[in-house]
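A lone chain, given as structure tokens: the form predicted alone.
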């Protein structure tokens, strides 16, 4: 599966448009990690537990989007975008969406 944030896939031709696909996940912070992050705010530096949480969330949401694209016969998702929102106190949603397409090698179409 090709996943890209640009509107085309270099070297490929889009032969079929299958519509929008999406994936999301809602994650809550671990109370213990939240307390440690609070201390880190005092001294500065990367909030590693939050970085890890967001990385895992992006991967899970992307896998869900990819599964939806595969289910409808796509072999690529183009124009992929990510967004986040707060859905409850201490919980956030990571949402990813893109356009499912079928692509072929540019040279095979002619």
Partner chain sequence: MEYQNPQVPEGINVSKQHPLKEFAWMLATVGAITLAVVLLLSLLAGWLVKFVPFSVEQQLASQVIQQLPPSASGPNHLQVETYLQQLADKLVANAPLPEGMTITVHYVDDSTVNAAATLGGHVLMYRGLLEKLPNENALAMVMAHEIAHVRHRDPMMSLGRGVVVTTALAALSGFSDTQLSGWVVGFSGNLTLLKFSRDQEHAADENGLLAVHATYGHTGGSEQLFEVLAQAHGDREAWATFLATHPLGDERIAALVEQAQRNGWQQSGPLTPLPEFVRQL
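On a predicted model such as this, the values are computed, not experimentally measured, just so you know. Numbering follows the first chain given and starts at 1.
Not pictured, yet referred to below: the form predicted together with the partner chain.
J.: Is residue 19 close enough to touch the partner chain in the model of the complex, meaning at least one heavy atom pair within 4.5 Å?
T.: Residue 19: yes, in contact with the partner chain in the model of the complex.
J.: Report whether the minimum heavy atom distance between residue 29 and the partner chain in the model of the complex is within 4.5 Å.
T.: Heavy-atom contact with the partner chain at 4.5 Å: absent for residue 29.
J.: My question is simply whether residue 68 lines the interface with the partner chain in the model of the complex - judged by any non-hydrogen atom within 4.5 Å.
T.: Taking the distances in the model of the complex, the answer for residue 68 is yes, it comes within 4.5 Å of the partner chain.
J.: My question is simply whether residue 14 lines the interface with the partner chain in the model of the complex - judged by any non-hydrogen atom within 4.5 Å.
T.: Output for residue 14 is yes: heavy atoms within 4.5 Å of the partner chain.
J.: What are the residues of 49 to 66, in order along the chain, with a heavy atom within 4.5 Å of the partner chain in the model of the complex?
T.: Heavy-atom contacts to the partner chain in the model of the complex: only 64.
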